[in-house]
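As a starting point, one isolated chain is supplied in structure tokens, in the form predicted alone.
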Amino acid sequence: MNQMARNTALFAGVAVLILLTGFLQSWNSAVLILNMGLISAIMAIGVNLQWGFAGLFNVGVMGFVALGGLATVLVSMPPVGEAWAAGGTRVILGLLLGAITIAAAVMVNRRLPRGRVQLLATAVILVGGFFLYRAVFDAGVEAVEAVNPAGTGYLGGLGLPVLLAWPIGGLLAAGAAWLIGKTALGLRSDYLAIATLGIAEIIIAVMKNEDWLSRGVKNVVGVPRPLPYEIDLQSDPVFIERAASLGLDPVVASSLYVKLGYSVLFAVVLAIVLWMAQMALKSPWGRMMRAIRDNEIAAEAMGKDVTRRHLQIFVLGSAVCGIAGAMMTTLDSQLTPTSYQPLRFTFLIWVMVIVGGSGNNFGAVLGGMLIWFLWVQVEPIGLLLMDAITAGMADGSALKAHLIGSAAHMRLLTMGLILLLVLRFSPRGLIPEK
């Protein structure tokens, strides 16, 4: 079997698994797995750009995904007029003062000659600017968060169409990646991993604690959607008639209609991102990135600016993760900062890239779809398996209770087992880099 036929068979296998979910469980579950698989595939492409193209070990994926979700709130949610009137101007002014303080300190540090005068001037600007910033900013935040804290308590967004939040989420993640890259990309791979993980945790901590920005742990619900709500479809006589003609219950039909609409949107975005990644891979720029990945010293000897190229690919990969984060928040119709856990948005995405095939964009897509399917389905399948194994045991058996309770750990066991098997029998992934 040639490589093309093998790759086609792998994708067909994943499609069969999703179809079996529809036939054996429910089509709502199958389409939901498909949607999250498409989003996961986009995240995997973003990580593959950084690791597969350039060898950058970024374990701060969840930070950029979270920034994409934050962009959805900042762009699409309506502004809270009372909060803006109470302290919105002071919050913005405080942020500007903080930025001006940092810029002034950098300028003074660069222009003054090294010595005590430079150190003293920088310290005075930073300390004085900090207290001024906090005096203005804290007063504004307190006023904003006091406005109906149970329902709003934040500034809201711009009230723009939610689809605009997807590219803006990518831009927000790219901006953060540029700032991180300027300071961290000079580090060795293991230190870079520690730095990106720490910065991602800082981003999540800010989102959890700054209620004025995104309600913190109170969550933002009711994020606008590009598709109609199910309840609206269920009250539409035309839709009810069409559902009846297909032999579907209006409730089930409305849910499938919305989920399939998301599937089309996500598939279009995935196709665009995949096409752009493939064009980049085949271009002279892509060949240069792989040369830098394989031997930085040789590439630098040939006149390539390694640090600059690393910054480019780091920003691009993070932007893709930001777009995926905005899409996921739109699908959920809510922003939940506490859900951005390393296990879900770092370890799992890395498993997708490694299993699919590092350095191969189609491998990243396959890994994203396959691993997400297994992540969702392994636990219920494990529970059925344990029920079958313990069917002949007495109801009060301690062994039976232990085996059934262990089904909850099937996800982690299966992910580790798959990773070990792939690394043993196909170390370059299911679809290896050419």
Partner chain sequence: MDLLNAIVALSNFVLVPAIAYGSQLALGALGVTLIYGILRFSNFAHGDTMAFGTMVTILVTWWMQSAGISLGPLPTALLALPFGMLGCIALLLVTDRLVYRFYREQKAKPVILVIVSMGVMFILNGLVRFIIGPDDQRFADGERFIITARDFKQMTGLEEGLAIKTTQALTVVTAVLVVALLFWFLNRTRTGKSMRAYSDNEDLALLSGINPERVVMYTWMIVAALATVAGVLYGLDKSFKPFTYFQLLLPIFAAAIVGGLGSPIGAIAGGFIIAFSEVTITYAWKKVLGHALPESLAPDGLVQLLSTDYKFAVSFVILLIVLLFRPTGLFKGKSV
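Take the two forms, find the largest set of C-alpha atoms that superpose within 1.5 Å, and that set is the rigid core. Keep in mind the model is a prediction, meaning the values are calculated, not measured. Numbering follows the first chain given and starts at 1.
Keep in mind the form predicted in complex with the partner chain is missing from the figure; the text below concerns it.
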Counting only non-hydrogen atoms, the one stretch of 400 to 408, 36 to 44, 64 to 72, 22 to 30 within 4.5 angstroms of the partner chain in the model of the complex is 400 to 408
Q | Contact flag, residue 194 vs the partner chain in the model of the complex, heavy atom cut 4.5 Å | A | yes
- Message: How about residue 347 - does it come within 4.5 Å of the partner chain in the model of the complex, if we only consider non-hydrogen atoms?
- Response: yes
Is residue 190 part of the interface with the partner chain in the model of the complex - any heavy atom within 4.5 Å? yes
### Message
Under a 4.5 Å heavy atom criterion, is residue 257 part of the interface with the partner chain in the model of the complex?
### Response
no
The one residue among 332, 142, 236, 201 placing a heavy atom within 4.5 Å of the partner chain in the model of the complex is 201
Exactly one of 209, 148, 245, 283 comes within 4.5 Å of the partner chain in the model of the complex through a heavy atom, and that residue is 209
Next on the checklist: Check for me whether the partner chain, as it appears in the model of the complex, comes within 4.5 angstroms of all of 54, 274 and 288 - heavy atoms only.
Outcome noted: no
Those residues of 409 to 434 with a non-hydrogen atom no more than 4.5 Å from the partner chain in the model of the complex are 409, 410, 412, 413, 415, 416, 417, 419, 420, 423, 424
Is residue 110 one of the residues whose C-alpha moves 2 Å or more between the shown form and the other one after the core fit? yes
Inset, instruction - Determine whether the C-alpha of residue 376 shifts by 2 Å or more between the shown form and the other one once the rigid core is superposed. - result: no
Residue shift check between the shown form and the other one, rigid core fit, residue 28 Cα at least 2 Å
no
